[in-house]
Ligand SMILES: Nc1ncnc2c1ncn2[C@@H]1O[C@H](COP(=O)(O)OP(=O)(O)OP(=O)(O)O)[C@@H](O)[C@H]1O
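Next up is one chain by itself, shown in structure tokens, the form predicted on its own.
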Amino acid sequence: MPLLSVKNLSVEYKASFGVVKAVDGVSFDVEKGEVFAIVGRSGSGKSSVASAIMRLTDIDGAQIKSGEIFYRETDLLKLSFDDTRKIYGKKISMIFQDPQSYLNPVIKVGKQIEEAVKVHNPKLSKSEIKERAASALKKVNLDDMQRIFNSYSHRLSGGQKQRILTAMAIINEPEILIADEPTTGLDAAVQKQILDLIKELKGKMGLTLIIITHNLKIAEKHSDKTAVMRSGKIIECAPSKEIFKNPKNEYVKQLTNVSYSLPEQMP
């Protein structure tokens, strides 16, 4: 049985000019321990799939029109609000693409990290919460804990903020980690550091990864299986080696022939 199974998922947005079908009948399975990449150009629907898995579509102004999303034997789309708190942030977690938008600029970073523990572990003592926060920061290679804890997000670099979001995503030791464009806005050297970090965390924590990216080189290098999206649909899904060496779909062939302008030092 797959660890995560998406079946016939459709997501719609209401726009001034009518209804936009961002995701149109998408289905795929993610096996335990796998790195599954969802790739496509901007507007292809890949981030909307991640949003639906995390039950964030309402926040994004979208609506899930049909489908099922199973984590093990649980249909995530049928969970009550109370039950979602047992899954999201604990069993399934996500690294968002814009850390500045998800870190509160008027609350010190340390308090935000501790809150990620407290909301799922209300019985832990203050010292236990702090210890878990310190452990998470160490896992993402942020050793200057005191300075990080006492800083506001605008005083930290883009790479540090992305590491903090990563620490918050793994702090409750999830089974599935979704990384939505985790290197957006970072320079080439920091992009490589973040990708190497995610790969390292997967190995140490036994994570199952879903990577959302427009960058085919990232998918080719870092994933076991790749799903290519276009206009809300998955047009090809196969082991990454097959996708990049011998794609079946004509559009995917065109994509893999395009030179994506990544720096030489990128993996």
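If you're wondering where the values come from, they're calculated on a predicted model, not measured in any experiment. Position 1 is the first residue in the sequence shown; the rest follow in order.
Omitted from view is the form predicted in complex with the ligand, to which the following refers.
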Query raised in the report: Just to confirm, E114 within 4.5 Å of the ligand in the model of the complex by heavy atoms?
Result: no
Query raised in the report: Can you check whether K204 is within 4.5 Å of the ligand in the model of the complex, heavy atom basis?
Result: no
Query raised in the report: Taking 4.5 angstroms as the cut-off for heavy atoms, does Y251 touch the ligand in the model of the complex?
Result: no
Query raised in the report: Can you check whether E181 is within 4.5 Å of the ligand in the model of the complex, heavy atom basis?
Result: yes
Query - Stretch in contact in the model of the complex with the ligand, which is absent here, among 66 to 74, 46 to 54, 236 to 244, 194 to 202 (heavy atoms within 4.5 Å) - result: 46 to 54
Requested in this report: Look at the candidate spot formed by D83, N121 and I171 and say whether the ligand comes within 4.5 Å of a heavy atom in all three of them in the model of the complex.
Outcome: no
Query raised in the report: Which listed residue (Q97, S93, S153, Q160) meets the criterion of a heavy atom within 4.5 Å of the ligand in the model of the complex?
Result: Q97
Query raised in the report: Which residues within 5 to 39 place at least one heavy atom within 4.5 Å of the ligand in the model of the complex?
Result: Y13, V20, A22
